[in-house]
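Single chain ahead, written as structure tokens, the form predicted alone.
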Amino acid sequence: MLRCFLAVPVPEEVKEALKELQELLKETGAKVRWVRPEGIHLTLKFFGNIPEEKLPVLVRAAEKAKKETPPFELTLEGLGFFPFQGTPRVIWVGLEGQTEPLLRLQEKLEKAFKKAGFPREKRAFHPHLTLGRVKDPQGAGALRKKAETLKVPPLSFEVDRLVFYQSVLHREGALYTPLKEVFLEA
């Protein structure tokens, strides 16, 4: 079995900027399980545990779904929380820029994966890069306040490929190994 997901990889320059934001947010002392910067990515679909022989089926579905989707650009934009109101469980950096191609692609992927036997995600897709998961509501207020004062650098990056990753859970956090890449066509 493979614990698997499909994501857009993020360039090193962006990961470094996000690491700096994490360091500033850590100053609040809030209890957060921070995502390791090298593991930050834009998740398009989480499959969970799948039989290894299902991976080629998913790759073919993604290859079909990405047709007529040329590379596009996304830009970091603002800090936010899930849920949007109340006690936060996740802190993230939003994505702006050419979001229309991203949203169309994600919808086509959902349809293709549903045909391959994987149910649609129930929650609406909200493009973001997860920085951390809040473990204790104590300190969450300080975390929100600090987030309001921080400026996210408006770095842009090109989305030119999708990557199927294997996720292996460890005490220090998940480790992600690329399994297969699907390139967008110019």
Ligand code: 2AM
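Since this is a predicted model, take the numbers as computed values, not measurements. Residue numbers here begin at 1 and follow the sequence given.
Only in words, not in the display: the form predicted in complex with adenosine-2'-monophosphate, which the text now covers.
When contacts are defined as a non-hydrogen atom within 4.5 Å, none of K66, F113 and R161 contacts adenosine-2'-monophosphate in the model of the complex. Interface membership of K122, defined by any non-hydrogen atom within 4.5 Å of adenosine-2'-monophosphate in the model of the complex, is ruled out.
In the model of the complex, at least one heavy atom of R3 sits within 4.5 Å of a heavy atom of adenosine-2'-monophosphate.
By the criterion of a heavy atom within 4.5 Å, R133 is counted among the residues contacting adenosine-2'-monophosphate in the model of the complex.
In the model of the complex, adenosine-2'-monophosphate sits beyond 4.5 Å of every heavy atom of K146.
From the list 58-66, 41-49, 147-155, 26-34, the contact stretch for adenosine-2'-monophosphate in the model of the complex under a 4.5 Å heavy atom rule is 41-49.
Looking at 150-177, the one residue that comes within 4.5 Å of adenosine-2'-monophosphate in the model of the complex, counting any heavy atom, is Y176.
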